[in-house]
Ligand SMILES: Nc1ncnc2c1ncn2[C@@H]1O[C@H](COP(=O)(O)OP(=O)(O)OP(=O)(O)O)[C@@H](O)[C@H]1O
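Just one chain follows, in the form predicted alone, and it is written as structure tokens.
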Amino acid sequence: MAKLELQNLYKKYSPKVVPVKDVSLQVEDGEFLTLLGPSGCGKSTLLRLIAGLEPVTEGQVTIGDKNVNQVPPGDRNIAMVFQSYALYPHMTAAGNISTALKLRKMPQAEIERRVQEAAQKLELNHLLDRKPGQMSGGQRQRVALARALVRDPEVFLLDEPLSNLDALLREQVRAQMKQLFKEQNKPVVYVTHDQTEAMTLSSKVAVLYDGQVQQLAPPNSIYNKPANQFVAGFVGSPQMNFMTLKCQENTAILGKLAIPLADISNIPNRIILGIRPEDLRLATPEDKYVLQGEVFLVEELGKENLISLKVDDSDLTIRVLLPTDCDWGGKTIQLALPLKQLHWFDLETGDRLGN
């Protein structure tokens, strides 16, 4: 067992510069944790604290049963893959992959076995004699992953390793990584601002903002039950729609609609309604709760379109299947309001209200 545990972790550069604030979490063997958040939220700093590249100000980093706060990075038995491939340009792929093993003075036969095994998993056998300058970005990234694999570390740390790849390569390498780390059965901590990577790779996601964990949960829970308005707005593309509504008795008032607030206790005077674009659809005569809005923008995405419309004083975006040859600009359309897919947030704190 090589469980990774962070306990009340802080990193302070000065009283006003605190990129990591009271972070506590655990990553068990076989778990893939993604640190997700916008630039400057503290995710890369947190990864560097785990790696030992930055000293901890307060709190504790534990790998297995050992406090590693004072253990140098090279002695923590971790493997880190960076955004930049950090390959030696004068070495072949095989040489780059085996560097750490040679420094450990491992027997040559064992080095060759591990290099061949990692190369086979990442489809690099035909590239082992090439130098980085002779390889594509995706191939160099796979060499960097292989270099991490051969070390057989206790914990894998990955800092936006796919961000330099084009969209197609990202999909290919992402699929390889998912299978690869599932086979390793080690704790993995992965940093990204790309929610697609977070949702597809992770067994759990920690959404960070301003140095704090806003929500730690499996991807589906992050998407379907965001803990607060920040998480709801950050996860999902296009972004969740938000509307500020007045409350009256046990309902929220949207135009002529009185939307029931059955699951919320201590209903405030005003409340934030969140609706994901994919949860809205064109209304039928059978629908009870219907919104009306005027279309001002249509974005065609192939088999589906994004439609932006004005509803009362708010702009809403919906994702729908629509014919591309229709002129929807300026038209008034009706939308069905899905009560079971509505999200409610406190206007003051942004916290989720209800179930």
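Numbering starts at 1 and runs along the sequence shown. As the structure is a computational prediction, the values presented were derived from the model and not from experiment.
What comes next is about the form predicted in complex with the ligand, which does not appear here.
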Looking at heavy atoms inside 4.5 Å, which stretch does the ligand contact in the model of the complex, given the options 305-313, 66-74, 288-296, 44-52? 44-52
Residue 30: heavy atom within 4.5 Å of the ligand in the model of the complex? no
Indicate whether the ligand has at least one heavy atom within 4.5 Å of a heavy atom of residue 160 in the model of the complex. yes
Does residue 40 make contact with the ligand in the model of the complex, using a 4.5 Å heavy atom cut-off? yes
Since only the chain is shown here, I'm wondering whether residue 281 would be in contact with the ligand in the model of the complex (any heavy atom pair within 4.5 Å). no
The one residue among 131, 193, 178, 113 placing a heavy atom within 4.5 Å of the ligand in the model of the complex is 193
Just to make sure I understand: among 9-26, which residues lie within 4.5 Å of the ligand in the model of the complex, judging by heavy atoms? 13, 17, 19
